[in-house]
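Before any questions on binding or motion, here is one chain by itself as structure tokens, the form predicted alone.
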Amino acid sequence: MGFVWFWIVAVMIAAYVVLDGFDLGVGILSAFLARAEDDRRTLIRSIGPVWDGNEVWLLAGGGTLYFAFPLLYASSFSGFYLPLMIVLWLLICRGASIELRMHTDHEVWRTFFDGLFFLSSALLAIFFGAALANVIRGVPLGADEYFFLPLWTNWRVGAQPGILDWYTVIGGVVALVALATHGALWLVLKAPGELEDRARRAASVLWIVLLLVTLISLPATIAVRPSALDNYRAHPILFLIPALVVAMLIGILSFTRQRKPLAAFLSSSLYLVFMLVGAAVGLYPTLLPSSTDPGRDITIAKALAGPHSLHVGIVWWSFGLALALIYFITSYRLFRGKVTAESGYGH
């Protein structure tokens, strides 16, 4: 059951990154691609009916973590208290910016909400990337399996790191570029005319940066956590995962040049999935590594809830997942096709 729930949580995190990832990417690009009010309206309408539903996967993932691995939930939510509060406020600010800008005709307020939309989206991407990098790098778990991290210390990876150091900054940059690329490819699917062309050009430029930061992040991860390769060496077939990451990068570029937007967007989605799967495989069966003593690692065996709870939970989780899939399939099917400044989502 530990193996099953580990991958259930991983799937829900991957679903959030893929689905809310393009929402964040649209927000990141909003400051660069929108030239007029019609462009800004089109950007908002391109994510309008789905952005809040996509965030459900983040809440569901956190709830599943609490249910299946209560020790991990308690330790991580306590140790990452500061960044979690920052993320919470960024989510609030982003939601307010999307909803409230459409309720005012005052240019100053619209400019304010547009800036808030960009800033909160960019910072969320950076913080999510840095959070994953923190988990891969490890945290200073104490004997009581709790820890505290300041926002930064000396920017070095070591026994007593901060939330931000050179490695977690790399993680934040990878997430920022990857989600911006993902958002650009979504806009190629949804936006019409000149805005679509600008999004396609942005995706091509961002692809070069994404390739570079991906190539930097892989050796950086091995340098920070050499044990991340243990599972790969034990099961060489797992080296297919980084090969698939490279294949998806090639697919993004190739399909973008061939003007096959759906295939390019799906390649971007799978790139994100395989990057996350690669990280999960490198960590398994550890959930949260210790940067001070490997014996203090929070593993699946340590953190797993009781067997009765897990067996009952998987029944209810399956039922909830079925309802969620019906909702999402219906929403995206109804929302297919292009949007404009005057059509699609509005208030």
Partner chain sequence: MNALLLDRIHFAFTVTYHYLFPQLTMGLALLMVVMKLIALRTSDGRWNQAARFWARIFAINFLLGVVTGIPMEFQFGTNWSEFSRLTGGVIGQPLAMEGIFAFFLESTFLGLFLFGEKRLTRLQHLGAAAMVWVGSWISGFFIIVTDAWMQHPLAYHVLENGTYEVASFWKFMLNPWAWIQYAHNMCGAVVTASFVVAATGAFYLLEKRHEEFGRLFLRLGVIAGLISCVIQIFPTGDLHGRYVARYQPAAIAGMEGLFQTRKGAPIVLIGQPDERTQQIDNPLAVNDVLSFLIYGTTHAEVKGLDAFPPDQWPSALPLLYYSYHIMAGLGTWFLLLMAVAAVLLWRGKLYSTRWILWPILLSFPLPYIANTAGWMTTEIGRQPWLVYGLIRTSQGYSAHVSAGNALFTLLGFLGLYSVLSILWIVIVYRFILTGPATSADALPGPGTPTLTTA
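No experiment lies behind these values; they were computed from the predicted model shown. Residue numbers count along the first chain shown, from 1.
One more form of this protein, predicted together with its partner chain, exists but is not displayed; see below.
Judged against its partner chain in the predicted complex with a 4.5 angstroms heavy atom cut-off, the residues Phe32, Gly129 and Trp166 are out of contact without exception. Although the partner is absent here, Met12 lies within 4.5 Å of its partner chain in the predicted complex, judged by heavy atoms. In the predicted complex, its partner chain sits beyond 4.5 Å of every heavy atom of His235. In the predicted complex, its partner chain lies farther than 4.5 Å from every heavy atom of Phe255. A residue is said to contact a partner when one of its heavy atoms sits within 4.5 Å of a partner heavy atom; Pro285 fails this definition for its partner chain in the predicted complex, lying far away. Comment: 105-113 is the region of 155-163, 130-138, 208-216, 105-113 lying near its partner chain in the predicted complex, near meaning a non-hydrogen atom within 4.5 Å. Shown here without its partner chain, the chain has Gly48, Pro49, Trp51, Asp52, Gly53, Glu55, Val56, Trp57, Leu58, Leu59, Ala60, Gly62, Gly63, Thr64, Tyr66, Phe67, Pro70, Leu71, Tyr73, Ala74, Phe77, Ser78, Tyr81, Leu82 in 45-82 lying with a heavy atom within 4.5 Å of that partner in the predicted complex.
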